[in-house]
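One chain comes next, on its own, written out as C-alpha cells in the form predicted on its own.
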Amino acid sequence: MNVFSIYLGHVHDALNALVKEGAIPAGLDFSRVVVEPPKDETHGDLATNAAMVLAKDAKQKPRDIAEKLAAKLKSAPHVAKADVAGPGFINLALENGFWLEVLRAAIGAGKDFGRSGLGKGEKVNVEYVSANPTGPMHVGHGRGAVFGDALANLLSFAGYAVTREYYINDAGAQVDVLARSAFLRYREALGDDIGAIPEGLYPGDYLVPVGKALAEKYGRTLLQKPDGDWLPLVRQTAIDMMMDMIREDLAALEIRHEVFFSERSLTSGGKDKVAETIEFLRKAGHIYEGRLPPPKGAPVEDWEDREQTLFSATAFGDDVDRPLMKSDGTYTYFAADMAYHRDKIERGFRTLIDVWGADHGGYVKRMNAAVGALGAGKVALDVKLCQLVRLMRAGEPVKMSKRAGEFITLREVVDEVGVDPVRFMMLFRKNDAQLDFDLAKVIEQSRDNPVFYVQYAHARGRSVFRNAKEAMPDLSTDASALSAADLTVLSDEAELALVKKLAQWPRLVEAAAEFHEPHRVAFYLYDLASTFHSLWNKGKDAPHLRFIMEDNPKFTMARLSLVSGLVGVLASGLAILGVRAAEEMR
C-alpha cells in the first residue's frame, strides 16, 4: 500500500478535472508531478510539486494553479487539509483514520509490506566484486560486494528478476604474474631456498598453500619443463585455489553469486567471442581502421601511433575512439569487456548494472559507449562506483595484515567485528562517498553505532511481545488478532509519527530500486528506529503510552499491532541489507 502512489493518482484526477473545466490547458505532461513527504513535517503529511512543474507549459503562475488544485484536493478521500505554500507547493494533511488503515495493511502483509511489482519481472544483471583472482579480498572489495549484494536484494524485493554475477579476470598479464608467484612457492614447498620475493611478484603468504598443492600434485616434474609448459598448469591451479578462497571470503559475508563468468572462456573452447563481437560491430558500421591523434594533457594508456582497429566510441558519447587490437595482435582489455557485455545482452538482459571500484571511473564512458552500440540503444548500463574504505581503530588508521602483508583482508575484518556491522556500515554511506570504517565504533552499543541502534529497535520490538505473553498469557497476538485490533486508540502524536514513518516504506523501496541506491534503505531504517526509540522513551515518563497495560487489553492490542508493523518493516529492510534482525541484544 503505497500512500504516495495513491495520492499521486488523486492529484492526477484533480488535474484532469481542471483540464475538463478549462481551468488549465489539455495536453500537459504530468510525468514530472510527484507526491512526496514534505521537507518540514510540520507542514503536513504529503506534498506535491504539480503547480510548479506545470506552470510554464500551462502559461499560468504556479500559485494560481496551486490554488485551483488545492481546492480540488480538499475533496479527495481522507484529506483533512490542503494548503498552498511558498510559490506554489501544495501540502496535504490526511485524516488519522487513514494512517491507521495503512498500519492495518502493514500488519496483514507482514514482511511482504512494501514488496513491489515495480520491476514487472524484468531481467536485471548485477555484476559485482569481480576482483582479480590474484589474492584474498581486501576491505575495498568488501564494499563493492556488500553494495552489489544489497542492490540485488533490493531489486528482487521490488519485483525484478535478478542475476548476481562475478566476472573472473583469468586472462592477461596479472594471472601470469600470479602463476610465477605460485611457482616460486612451489619451489619453496620442495625445499628450495627462494630468498626474498622478487619485485613484481605477489609476496603474500596466501600463496604458500598453492605451492604445497602443486608440490603434492606434480612433485619435482615441473622444474624440468620450460615456461611455456608449466605456466598454464600452475596458472590454472593458482586461479582455482584463489577463486575458492574468494568464494569462502564472500560466503563469510553471506554473499553468493549465481554466475561466475570466465574471461578466458571468451576465447577458448574453439570459440572467439571477441572476434565475433568486433565483426558484429563492424557490420553495424561502428568499427574502422584508422589512426588516433596523440592525447591532449595526460597520456592515454592505450594510445599507439599506428594504423589500428578502432571502435567509434565518440559516436556514443565517449571522448575518443577506442583501440581493440594491440600491436602484437592480441585483444585489448576493452575488446574483451565488450564481448562480455554482448554475452549478457544475448542472455536476454536489458538492464545491466556493473559495480566497480572508484579507480575504474575513467572506464565508465567507454563502457557506456560500448553497450550503447551493442544494444542498439535498447539496453541500459548503470555503472556504480564504490569509493575507498579507510580502515580505522578508535580513530587511528589500520594498515598491516597478518595474512596479506600489504593490506587488511576482508576476512580479517569480518572475523573481528562480525558480518552485520560490516554489511550495515558499508551501506550507511552513499557508494560514491569515501567511507571511514572504525573497527572499535562498529561494535559499540550506542546510538552512535547505527547497526546496533537499528538491530536494538527490532530486538526491543520483539521483547514487547515476549513481555506481553508473560504478563497477559491469554492474549492472542497472532496476525489475525492484531489485524482486528481497535487501532483508533493510537492517537498520540508519537504513535502517529511512527505509523507515518512506516507508511513511507513502500515508496522508499521503489525509489531506492529505481535509482539503484540501497543506502536509502539503511538511512530509512535508522530514522525508523529513532522514531520508535523516541516513542519508547516517551512511554517511560507517560504510563498511558506504555506498550503493555495489563488492565487494558484493548490498548495493549493496539500497541502490539503498532509494534508488529514496526518489526515487520525492520526485518524486511534488514533482510535487504543482508543484516540479521536480532531477536534480543545482550
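When you see a residue number, it is the position in the sequence shown, counting from 1. Values in this document were obtained by computation on a predicted structure and should not be read as measured data.
Beyond the structure shown, there is the form predicted in complex with the RNA, which is absent from this document and is the topic of what follows.
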With the RNA left out of view, choose which of 306, 120, 271, 399 has a non-hydrogen atom within 4.5 angstroms of it in the predicted bound form. 306
Note: exactly one of 96, 265, 236, 463 sits with a heavy atom within 4.5 Å of the RNA in the predicted bound form, namely 463
Under a 4.5 Å heavy atom criterion, is residue 445 part of the interface with the RNA in the predicted bound form? yes
Contact between residue 534 and the RNA in the predicted bound form at 4.5 Å, heavy atoms? yes
Should residue 555 be classed as touching the RNA in the predicted bound form when contacts are defined as heavy atoms within 4.5 Å? no
Even though the partner isn't displayed, in the predicted bound form is residue 288 close enough to the RNA, meaning a heavy atom within 4.5 Å? no
Mind checking whether each of 31, 163 and 411 has a heavy atom within 4.5 Å of the RNA in the predicted bound form? no
Among 227-235, 87-95, 253-261, 492-500, which stretch has residues whose heavy atoms lie within 4.5 Å of the RNA in the predicted bound form? 87-95
In the predicted bound form, residues of 500-537 near the RNA [heavy atom within 4.5 Å]: 507, 515, 517, 519, 520, 523, 526, 534, 536, 537
